[in-house]
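Laid out below as structure tokens are two forms of one and the same protein chain, each shown alone and named structure 1 and structure 2.
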Structure 1
């Protein structure tokens, strides 16, 4: 098939950017990475990009196609060619471009390192009684986070990182939960303290670009929610983000609905709220700050209150509350067109998938 594509080139010596058009002959099964190889081989040997495994495991080939971060070795070109579309390929975002499609991953690695990305078991030598046996169930909570190949696709479009470049970001925080949720690690509290940094967990704006982009199903945003839930569970709730989240729980079980008026003082403290008086008065004028009395109470709110007590005693607090629902979410499969195949058959690991043939 004939593949046409445009590539944003960047020359670090001259500092010039240029959109170049290429057309090559490629086999039907070619992915974006194959096409780049053909371009480099036959048309322009100076084209720069990263690659290694060609099979979605090394995480080298992250780049943008039509503005979305992808693994070049995962994207099949045939459907794109059939649509008659000419995709635009460029370097990932939120990281400085070194040349063409190659970005400087140094800031990415620095943040990963901040997470202390290794197991801290609390002992140096194997204890006398020998090995520790862990069950599959104990390891299941970090199954998704352990799939990360550190490709950077999630970071590329992270909206909080665009606005605060020091934000730890989705990949690093997912790595963080990979250890916080590991039953062998003995430094959970120390880790959670560290991840509750100004640029940590509560800096995430829940844009869900990371979940959307991750080629391995890590769902970093969900990992961040798990870290938040674990922090609150163990009582690390000094951050305004944590206080904000806790106020929603309190509202739901007292009035059923968000007690909006008190949200600012409960989150930021009374002093900060007073500083905001002028701003708040203007909102008040337009009915944007409803009066706290009489509170707006949902019908049958005692059910919500009773649920809180009941559920609180069932031991699925913290991250476990999110992990318990993941099996169902993992069953939602994407169709070719990015849509959702709602009645996709269940897949059990180790068994051949129902649509293995054809």
Structure 2
């Protein structure tokens, strides 16, 4: 098949960028990485990009196609050719470009190291049976985070990093939960204190682009939510983001709604609320703020309260509640008629296996 694509070239010596058009012949099974290989081998040997395994494992070939981060080895070109579309390929975002499609990953690795990405078990003596054993069920909470291949696709699309380059970023924080959620690690509190930095957990804007672009289903935003929930569970709630989350839950539990008029005083304090009086009055004048008294209570608020009590009774507060939700969502699928049906075996890893009858 004849494949056309445009590639943003960058010359580090001159600092100039140029959008170059290429047309090559490629086999129908070709992925974007195959096409780049053909361009480099047959058209322009100076084209620079990274690659290694070609099997979506190493994470080397991260780049943007039409403005979205992808793994070049994962993107099949035949459907694109059949649509008559000419994709634009460029380097990933939020990292300095070294040449063409190659970015400097040093800032990425610096933030990964900030997470202390190694187990701190605190083991002093080996038990008599010779090893420490943890069940599959205990390890399940970090299953998704352990899938990360460090490709940087999530970092490329992170809005928070674009506005605050010091933000730890989705990849680093997902790696952080991989150790916070590991039952073998003994430094959870120290880690959570570190991750609650002003550029840490609560600096995330919750845009979910990292979840959308992750090629391995790690869902970094969900990992950040787990870190936030676990921080609140153990009492690390000094950040304004944590206070906002706590009030949101309390408001939903008591009335079934988010009470906006009380949000600023409960989150930022009374002094900050007074400073926003003029703004609040303007909102009220345009019908954007309801009267604080009497508080509006949802018709079936008892359902919200019952759900909150159930989670507490099950001991599913903190990250455990989010993990439980992930497992539930992973076992159903939406049908074309709007319903849902089970889409997984009756038993998932870590669940008790029912005894066979007979």
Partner chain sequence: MRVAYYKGCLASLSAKELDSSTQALAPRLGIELEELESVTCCGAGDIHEAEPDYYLHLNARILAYAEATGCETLMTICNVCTLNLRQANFQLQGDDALRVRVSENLEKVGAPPYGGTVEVKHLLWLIAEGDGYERLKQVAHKGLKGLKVAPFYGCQILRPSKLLGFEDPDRPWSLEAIIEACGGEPVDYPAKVKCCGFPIIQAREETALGELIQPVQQSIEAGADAMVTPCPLCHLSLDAWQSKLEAQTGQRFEMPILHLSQLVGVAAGLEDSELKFKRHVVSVEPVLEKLEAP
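Rigid core (definition): largest C-alpha set, two forms, superposition within 1.5 Å. Positions refer to the first chain, counted from 1. Since we're looking at a predicted model, the values are computed, not measured.
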*Decide which single structure shows the form predicted alone, answering 1 or 2.*
2
*Comparing between structure 1 and structure 2 on the rigid core, is the C-alpha shift at residue 322 2 Å or larger?*
no
*Core superposition between structure 1 and structure 2, C-alpha change of residue 309 at least 2 Å*: yes
*For residue 131, is the C-alpha shift between structure 1 and structure 2 2 Å or more after core superposition?*
no
*So if we fit the rigid core, how much does the CA of residue 283 shift between structure 1 and structure 2, in Å?*
4.0
